[in-house]
Each structure stands twice: as C-alpha cells, then as structure tokens.
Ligand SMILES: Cc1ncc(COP(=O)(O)O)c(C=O)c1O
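Quick setup: one chain, the form predicted on its own, written in structure tokens, and binding and motion questions come after.
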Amino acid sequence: MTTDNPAITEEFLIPFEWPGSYYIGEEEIEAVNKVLLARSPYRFYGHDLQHYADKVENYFKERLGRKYAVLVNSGTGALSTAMMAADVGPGDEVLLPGYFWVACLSAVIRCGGIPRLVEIDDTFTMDPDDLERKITPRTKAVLLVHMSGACGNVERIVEICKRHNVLLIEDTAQANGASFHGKPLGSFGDLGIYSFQYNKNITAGEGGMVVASDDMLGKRAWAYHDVGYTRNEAGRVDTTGPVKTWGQCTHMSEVSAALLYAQTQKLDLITATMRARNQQLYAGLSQIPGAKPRRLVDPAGDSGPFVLMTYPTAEIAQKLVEMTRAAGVRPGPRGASNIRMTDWGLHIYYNNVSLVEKQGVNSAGRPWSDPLNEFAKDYQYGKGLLPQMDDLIERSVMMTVPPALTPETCDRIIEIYQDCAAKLGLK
C-alpha cells in the first residue's frame, strides 16, 4: 500500500486533495493486471471475466442495504441515469441547493427539466425550511447534495419529501463513507449516486454509481445506463423485460472496476484518517475568536475531506486567506485549498454562467423554450437569488483535508491561522 506523504514544506503545507490516490498500491496493481492478463476489460463478456464490476456492486449493496447498485463511467453519468430513472422531463422541476457541482444542474437540464435552487444553512447543505417553502405541484424530485463530506438535516428532508410524495435523490459524490447516526449516506433517498473520480474519497480515476431499493427505479436505472433494456440472468439484453426505453451506454469498464474494488477495501481507513485530521483542524481553528465551524449534525459521520470555517466579515475571510496562503497554507500549483468559498468555481450557483444566462442544450433553447416549462419563464439564477447562502459563503473559507496531512502539519496550519487572525484583531 502506498501512503508516503509528498514533500511538505513551509512553501506548501497542504498535500494535493486527491484522497484515494495516496492509497493506490500493490492491491490495485494486482487487480488491474488480472483484468489485463485475462484480456477481458469489458464487463459483460470476454475471454476470462474477472467480474470486478459485479464485486463492486455487491459490496455497495451490502454496505448500504440496497437492492440495486449500478456502476457507471462517471458521477455525471450517475446523476443523469438517476434523473432519467426518476422520469424527470419537460414540465418538471428538481429542487437542489445552491452549493453543488455543475453536473447536478446539467443532469436536470439535459433531461428537459428545470432546476430550482434552494438555500443552504450553516451545515452547508440544503435548508429544509426553504425546501418546504419551494415545493410545488411541479416538483418531481429533490436532489439532496451531501457537499464537502458530511450530511445536513437528512431526517427532516426525508420526512418533507415523503409528506409531499416527491422523490428524493441523494448526491453522495463528495461523501462516500460518511454516515448519519451510523446509517451510510446514500441509503436514505429513493435513489442515491456516487462518484469515483480522482478527487473523491476512493477513486477509479473516473466512475460513478446509482443505487436504489425500489424495483422499478432500480431496473430503470440499469436500462438507462445500458442500451435501454434490462438484462436476463445470463447477462443478455432482455427486450421482453419490464423496461423498454433509450439507454446511454455509460458502463464502467472492468479495468476501472478492478481499481475501484481494491479501493473499496480501504474506504474506512481513508475516511477515518481524514476525519481525525479534520477534527484536529476544527478544534484548533474554532479557538479563533469569531470563527465558526461548519455545523456538523453528526461529527462522527463526517467523511472528513473538507474543513469549512465562517468568519465575522467577508473582508476578514479574504485577508485571512491572503495572509495564511502567503505563510504556506496552500497546496502545490495543481491543487485548490485554503480559498474563500466565493472562489470555489462551479460549486457556487452564480458562477455557472450557462445557468445564469439560461443557455439551452441545443439551438432550440430547450429546456427553457419548451412550452411545458412555461411555468419557469421568470426563474432567475444570478447572485442574490439565495441571500442566506451568499452571505455565508462570502464569509467562509474552505480547506481540503487529504489523508496525507499529518498531525504535525495540522498543528502548524492552526498556529499560522491563529497568528494571522490575531494580527487582524481576532484575539
């Protein structure tokens, strides 16, 4: 197993934010080699199938208590597959928080549906009060995004969706290995999605997964990720089965699945390591007068890859970032960490130009021009739509917590932050 830290100096105190990459070792090499030596990189047939895709799906079905798990080739593919399984289309809206990744939007829009944005609260996830206010008869689904490794008010959001008879889709892309009171995230909604991209807690380089327990949702997810049909026990396409539609062939290869299966065996180790450093940083940074850590509904369930701290003003947050980065609290040139959250790119709703300008997916302007979406003609997405979120992220700083971060480095980061905060009058 490879766990060697990269060189950490006063120039760059934070290792790159690619958690699973630090644990790629002999186990992953051996698994990938088995697939290549068997000359069978496609999951459905080959000279000597190694069945790694099946093994990964079975691992997550058991871990999550789910009946269905469908591996796909990316987290974006997982979101699209879930939206299609949920039958999102023209005339529907999907409610999602304003703190997300751009793929959350594109999955809705490419299905012909309309995204409607919901406030976040100090958990940095969906505000259930604003969710309840915004549900309408047009709401087909709620996309609950477990951003930055931890959950928010899961129980209440589940209750709201059930009461309004709205499908709940969990986006667990950034929170694989996280839980709420011992129950894994991704096991609460009607559908759940995961990402195994290089930035995630475990990685296949690129990959994703959709999970479900309902028979029809699970079978629809399979059909949409495949050629539009389910498969029989022999693995053959079944055109007489319960689903007949149009698929997108977003299968995961056996090579990626082999890498991923070896990573699944290290998931708990990776998240436990990040969680320990995460808690150390929160404890130290919380000692700064006026600093407020992200509210964790279940600290023991945080998978640990991010620390989010909120300061009294946007000016203080900006100056702290500038001063601490100058002192070394930053990653190397290929990483992004210790930044003010307004600079977090397409994770912030108003940074998504195509959304703000309501760009369509084709020259006809769909979904915005679709007559069935006339109800959304006045929807706007520019900055100011979510004032509670705007205020929160303007005063907040995000730091990545890769498993290569050491206790000694965390102590040094805390020391630098406390020193810089004191110079700004926070003492």
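Residue positions are given as counts along the sequence shown, with the first one as 1. No experiment lies behind these values; they were computed from the predicted model shown.
The next section is about a form of this same protein that is not shown, the form predicted together with the ligand.
>> I'd like to know if residue 229 sits close to the ligand in the predicted complex, meaning any non-hydrogen atom pair within 4.5 angstroms.
In response: Flag for residue 229 set to no.
> residue 207 near the ligand in the predicted complex, any heavy atom under 4.5 Å?
Replying inline: Residue-level check for residue 207: yes, a contact with the ligand.
> Does the ligand get within 4.5 angstroms of any non-hydrogen atom of residue 145 in the predicted complex?
Replying inline: Contact check for residue 145: yes, within 4.5 Å of the ligand in the predicted complex.
>> Against the ligand in the predicted complex, would residue 294 count as a contact residue? Criterion: heavy atoms within 4.5 Å.
In response: No, residue 294 sits far enough from the ligand in the predicted complex that none of its heavy atoms falls within 4.5 Å.
>> Given the stretches 278-286, 71-79, 89-97, 120-128, which is the single one in contact with the ligand in the predicted complex, using a heavy atom cutoff of 4.5 Å?
In response: Only one stretch qualifies here: 71-79.
>> Can you work out which of 308, 103, 270, 259 has a heavy atom no more than 4.5 Å from the ligand in the predicted complex?
In response: Partner contact (heavy atom, 4.5 Å) among the options: 103.
>> Counting any non-hydrogen atom inside 4.5 Å, which residue from 264, 324, 153, 197 sits next to the ligand in the predicted complex?
In response: Of the listed residues, the single hit is 197.
>> Within 4.5 Å of the ligand in the predicted complex, counting any non-hydrogen atom, which residues from 162-190 show up?
In response: Counting only heavy atoms within 4.5 Å of the ligand in the predicted complex, the contacting residues of 162-190 are 171, 173, 174.
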